[in-house]
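Single chain ahead, by itself, as structure tokens, in the form predicted on its own.
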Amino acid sequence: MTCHLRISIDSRGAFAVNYGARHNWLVAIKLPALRIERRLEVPSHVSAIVTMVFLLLSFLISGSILQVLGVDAVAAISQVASVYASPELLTAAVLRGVPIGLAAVGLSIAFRAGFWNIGAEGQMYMGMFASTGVVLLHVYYGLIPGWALLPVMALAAFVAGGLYCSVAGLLKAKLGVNEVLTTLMMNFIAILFVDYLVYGPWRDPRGFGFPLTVPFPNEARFGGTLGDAAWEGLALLGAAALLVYFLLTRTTVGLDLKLIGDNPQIAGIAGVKMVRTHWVLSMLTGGLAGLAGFFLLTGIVGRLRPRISPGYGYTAIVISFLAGLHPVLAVPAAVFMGGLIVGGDVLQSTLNLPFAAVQLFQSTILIMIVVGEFVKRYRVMIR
């Protein structure tokens, strides 16, 4: 007679062992069941406390990692903190944070409406493509006067980024296509399209063969009004954040977006025009990402080149959640992130850290921010 030993766990979490030809039960142990539940409401002061706790934890963990690598963690964190105390370094932090903040403000619109736009990076590239096209029309053909160059570039970037994002928005509204896949894959299309232009028809004929466009003229650069591109960019970011906040809280469009984010089925029953609303939110979120690309060109780099964005569109996703999807809070969150980027450059120059160690430091902070957002929104129940 053959005997069998079988171990099983049933659907209710009962752990059991049976043995023998007739499968007699020997033991049954009830295991605790883990369940993740969404918190119905998180008070603002609790959200702020959780964010601060996880930021401190992120510095503690990243400092421990640096210490294991043989780097003085206290000196490294002090160097990063000094960025926010030095006027020159703070200006550099603001300059780096403006494009991240513009994209994050736009993403706050999409995420509030349940539209998971992962394509801010590609929409930034489309904004840079449109801005550069306007500059080339001015430089080669003189079609646009110098005084109108910046406004026309900004408008072109907004429209290009918005239209590029609206492809995914309309696909979701009409056909139910998952926007995460479409927006993510469209990033690579936009990046490679810009690569084609700067390696091909848009390459500077006097650039010694390098994949660069012609340098932007002074009238196509930030810094002529307030004397510094960083503070002009911060003014642009603040104005965009206030306009978006007004749109979300004081208009019927904001109410429609909130209804779609809470329950799309109920929104449809309530009379919300799904296709039109998805097109509007796509134009807004993609347009602000296009403006981020516009500022990256006109405020920082000054000409189009391959892989010009170091992942600012992806970083904006984390920043939007760090700000609690609040467009105004995205402004200080973006400046904070810009300080971390500048702090990484300071660590490389002062402590001779390799770039990989700096990336490890920054990535640990971003991961802990994401974990903190999960803790604020969900809780683990043991039953």
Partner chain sequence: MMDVGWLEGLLALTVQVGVLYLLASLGEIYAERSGVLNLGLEGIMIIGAVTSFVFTNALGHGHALLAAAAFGGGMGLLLAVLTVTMKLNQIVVGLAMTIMGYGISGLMGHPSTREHVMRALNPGVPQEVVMLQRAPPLSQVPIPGLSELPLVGKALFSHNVLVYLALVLAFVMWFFLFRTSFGLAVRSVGENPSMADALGVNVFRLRYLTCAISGLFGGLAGAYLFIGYQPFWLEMMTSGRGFIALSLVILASWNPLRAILGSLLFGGVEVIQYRLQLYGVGAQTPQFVLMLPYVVAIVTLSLLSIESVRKRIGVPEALSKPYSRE
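Basically, rigid core = biggest C-alpha set you can superpose within 1.5 Å across the two forms. Positions refer to the first chain, counted from 1. Since the structure is predicted, the reported quantities are computational estimates derived from the model, not experimental observations.
Keep in mind the form predicted in complex with its partner chain is missing from the figure; the text below concerns it.
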4.5 Å heavy atom contact, Thr182 to its partner chain in the predicted complex: yes
Any non-hydrogen atom of Phe336 within 4.5 angstroms of its partner chain in the predicted complex: no
Contact flag, Ile317 vs its partner chain in the predicted complex, heavy atom cut 4.5 Å: yes
Proximity of Val328 to its partner chain in the predicted complex, heavy atoms at 4.5 Å: no
Whether Val74, Val80 and Val83 all lie within 4.5 angstroms of its partner chain in the predicted complex by heavy atom: no
Option from 231-239, 172-180, 122-130, 141-149 whose residues, in the predicted complex, bring a heavy atom within 4.5 Å of its partner chain: 172-180
Contact set, 180-197 vs its partner chain in the predicted complex - heavy atom within 4.5 angstroms: Val180, Leu181, Thr182, Leu184, Met185, Met186, Phe188, Ile189, Leu192, Phe193, Asp195, Tyr196
Exceeds or equals 2 Å, Cα of Asp262 between the shown form and the other one, core fit: no
Flag for Asp72, CA shift 2 Å or larger between the shown form and the other one after aligning core: yes
Direction of C-alpha distance change in the predicted complex, Met337 to Phe355 (at least 3 Å): closer
Outcome for the Cα pair Phe374, Ile100 in the predicted complex, compared with this form (closer or farther; change of 3 Å or more): farther
